[in-house]
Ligand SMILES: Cc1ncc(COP(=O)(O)O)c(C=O)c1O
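So this first bit is one chain, no partners, the form predicted alone, shown in structure tokens.
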């Protein structure tokens, strides 16, 4: 299976269809794990990005996960839910207390104190005058609530989003997403979804060396769509991409101005990048204020599934409609976990920690790049980092097989992370990670890169 014909599958993550994954299973799964692994594979629908799974876990704590054999892995992925760390004692305490109070599920036509408190907390910490909240079970639903709100507010239905972006797997969320993996073989998606290039400064398709030239071309594409498609409801994007690509402030200032000029709303999907990850509570605080902010993953305190949107008071105009009619809209247990998780991020200054330790981590990875020729680029913001592996730094040919080999070598040494786009090692640890744990991660990456290099 060549890098070329696996390109679409590799967009969102490392897949379980390769010979290297089969080899890892054969060499690293104990009999105990193989038994549960086989049962998982028997009963769950198979998907390229999940079942069959990597291995079987028994517990998670802080920045670490542990398998059934007791082997621990410093986790640099966590699906983005673990900003406050896995099973933070304060979050566990809040959930236990809510269970003891015998109020977990709350029927939709009622409310409860944890749900109100979480909404109030988000309105307090959200940037600018974002103050109106709506909750739902997951990120895909939150994205679709944001899209529905934008359509109803503007009276329009078209959207602009970016190629290679992931916004979820519902028909609306997948339509604005820019990944073939979630588009093909499902038939027509939601109409009116237009896509443009995201400002990838290292790997832009025009060969521009200057960031301002990349920005100008991306802004030109956006304005061209706005001019030719007048019924534009919104532009939706991650302020910093999952890869990660970190746009300039000037780019997002330009996007904000274009949205304002053409009457389109700006939606920021911060399901991954929000809640402290980038060194600020919200990634948009590095840039501009959106009209709608979408949150998820860590909003459940690293424990429970929860997501939602935050928007302006002026958009609270749909009292005769329901855009978030979800059974668990005000789930008291999820809200209690989310509130405790937010309080941990605040009281333990995890945004500041992500900023400081992210700088430390980034510099260590730059040092690794100087040593390891496979590393073509290091990028990121806060504790949202990526290492792009290339066969040649001049041609920038993607080192896809090498990236997978590095991932499995690191996993065998106790470091877990996700490969995205085929060749980018994405590093998103718990914001509670220590400097010593970062050093350990860098050492393991160094050894894994050396091992792969010696095989060539």
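Residue numbers count along the first chain shown, from 1. Note that the structure is predicted; figures quoted are calculated from it, not measured.
Below, we turn to the form predicted together with this ligand, even though it does not appear here.
Look at 114-122, 224-232, 133-141, 370-378: in the model of the complex, residues with non-hydrogen atoms within 4.5 angstroms of this ligand sit in 133-141. Although the partner is absent here, residue 166 sits close enough that one of its heavy atoms falls within 4.5 Å of this ligand in the model of the complex. Shown alone here, residue 91 lies farther than 4.5 Å from this ligand in the model of the complex, counting heavy atoms only.
The shortest heavy atom separation between residue 238 and this ligand in the model of the complex is within 4.5 Å. Residue contact check for residue 297: one or more of its heavy atoms lie within 4.5 Å of this ligand in the model of the complex. Residue 326 is the only one of 326, 202, 262, 171 with a heavy atom lying within 4.5 Å of this ligand in the model of the complex. Distance criterion of 4.5 Å from any heavy atom to this ligand in the model of the complex singles out 272 from the list 150, 310, 84, 272.
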